[in-house]
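Okay, so here's just one chain, in structure tokens, the form predicted on its own.
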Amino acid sequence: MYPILLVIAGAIFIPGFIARTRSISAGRKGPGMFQHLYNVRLLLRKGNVFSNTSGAVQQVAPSVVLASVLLSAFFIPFAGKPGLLSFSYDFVFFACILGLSRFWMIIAALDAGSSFEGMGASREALYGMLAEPAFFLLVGALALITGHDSFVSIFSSGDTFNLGYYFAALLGAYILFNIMLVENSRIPVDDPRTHLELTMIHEVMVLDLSGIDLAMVQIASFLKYGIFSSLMAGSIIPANWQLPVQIAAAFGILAFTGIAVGILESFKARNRLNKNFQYILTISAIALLVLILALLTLQ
């Protein structure tokens, strides 16, 4: 059960670290560490309101989005322990499940019948399509270096000090961090604080959601923080360390992730939309470099 608990811890603490870091950087008191959880609790107490132009897709989509993201969290390993679900090439199924959640989020936005949400949906589809190759290139490189074909076996290869693996893992952590920013529509790809529909991505897609449906989408977003930060921790932390040391190091990575996102959002502006393509393709280019280095090490 340790891996899923780490994902849940990331979902709870990383948004809080982001909010607190932004507040401190701006010299404001700001919200508390768990304000995002209080907001979700308030939404869970409210009913749903649907527009006259929306159909059944928008009513079903939030449940599918949350279920898909939660299922993907079951594949995350940690400390040499497999996730609740583990099998050969499980990372392919993991990516497909995350893609399924994105697909339902997109068609829910289109089902609302709003041109603004349609723009956000098209951007979400494009950015997701550009980011997925970076993930597959990265995991493929780690699989080549280690000779294994599942999350837990790949990450457990850090038992012995392998310079090639750790170099790839450090670059992989950077790639996963940036994929997390794309998946959650954070700066520099999108600014969750903006209210100008013409430049929004995720926030404009949920304009017609309310109550429990909006809460489920927000919980799914929080879980993505835990998923990608747990992947970063699992790839970097050696599996043969003592369990208390591994847990402490993992929480350090969770805290670092939240603080890094908060600092990034405090001192960097979001990209212009035409710069996002270059940014995401750069992530894929770095992942391709890791794959090429992995191929060279096999020669």
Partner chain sequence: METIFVAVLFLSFFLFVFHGRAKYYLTFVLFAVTAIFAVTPAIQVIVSGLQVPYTYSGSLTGGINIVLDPMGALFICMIFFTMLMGLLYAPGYLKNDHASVPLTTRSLHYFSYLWLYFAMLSISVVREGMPFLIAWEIMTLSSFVLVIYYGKERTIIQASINYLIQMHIGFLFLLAGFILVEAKTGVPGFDGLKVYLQEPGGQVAFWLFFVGFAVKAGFIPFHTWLPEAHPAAPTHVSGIMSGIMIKMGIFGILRIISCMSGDYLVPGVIILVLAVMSSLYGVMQAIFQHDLKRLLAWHSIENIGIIGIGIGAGLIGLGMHSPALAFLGFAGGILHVLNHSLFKSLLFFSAGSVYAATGTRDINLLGGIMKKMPMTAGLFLLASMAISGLPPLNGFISEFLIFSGLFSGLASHQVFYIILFILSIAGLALTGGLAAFCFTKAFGITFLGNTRGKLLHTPEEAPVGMLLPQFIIGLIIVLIGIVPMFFIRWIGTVIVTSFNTSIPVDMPMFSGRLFGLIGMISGLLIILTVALLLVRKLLLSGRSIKSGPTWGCGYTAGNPAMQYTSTSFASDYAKLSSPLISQKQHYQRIEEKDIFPDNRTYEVHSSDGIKEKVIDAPGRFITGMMRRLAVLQTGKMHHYVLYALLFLIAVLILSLFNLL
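From a predicted model like this one, the values you see are computed outputs, not experimental measurements. Numbering follows the first chain given and starts at 1.
Below: the form predicted in complex with its partner chain, not depicted.
Inset, instruction - Answer with one of Ile187, Leu223, Leu144, Leu171: the residue that has a non-hydrogen atom within 4.5 Å of its partner chain in the predicted complex. - result: Result of the distance check: Leu144.
Inset, instruction - Identify, from the list Val261, Leu254, Leu66, Ile237, the residue with a heavy atom within 4.5 Å of its partner chain in the predicted complex. - result: The residue in contact is Leu66.
Inset, instruction - Mark Leu5 yes when one of its heavy atoms lies within 4.5 Å of a heavy atom of its partner chain in the predicted complex, and no otherwise. - result: Residue-level check for Leu5: no, no contact with its partner chain.
Inset, instruction - With heavy atoms only and a cut-off of 4.5 Å, decide whether Val60 touches its partner chain in the predicted complex. - result: Because a heavy atom of Val60 falls inside 4.5 Å of its partner chain in the predicted complex, the answer is yes.
Inset, instruction - Mark Ser86 yes when one of its heavy atoms lies within 4.5 Å of a heavy atom of its partner chain in the predicted complex, and no otherwise. - result: Yes.
Inset, instruction - Give a yes/no on whether Ser150 approaches its partner chain to within 4.5 Å in the predicted complex, heavy atoms considered. - result: The answer is no: Ser150 has no heavy atom within 4.5 Å of its partner chain.
Legend entry - Segment that reaches its partner chain in the predicted complex - one of 177 to 185, 225 to 233, 163 to 171, 126 to 134, heavy atoms within 4.5 Å: Answer to the contact question: 126 to 134.
Inset, instruction - Give, in sequence order, every residue of 208 to 225 that has a heavy atom within 4.5 Å of its partner chain in the predicted complex, or say none if there are no such residues. - result: The stretch touches the partner through Asp208, Ile212, Asp213, Met216.
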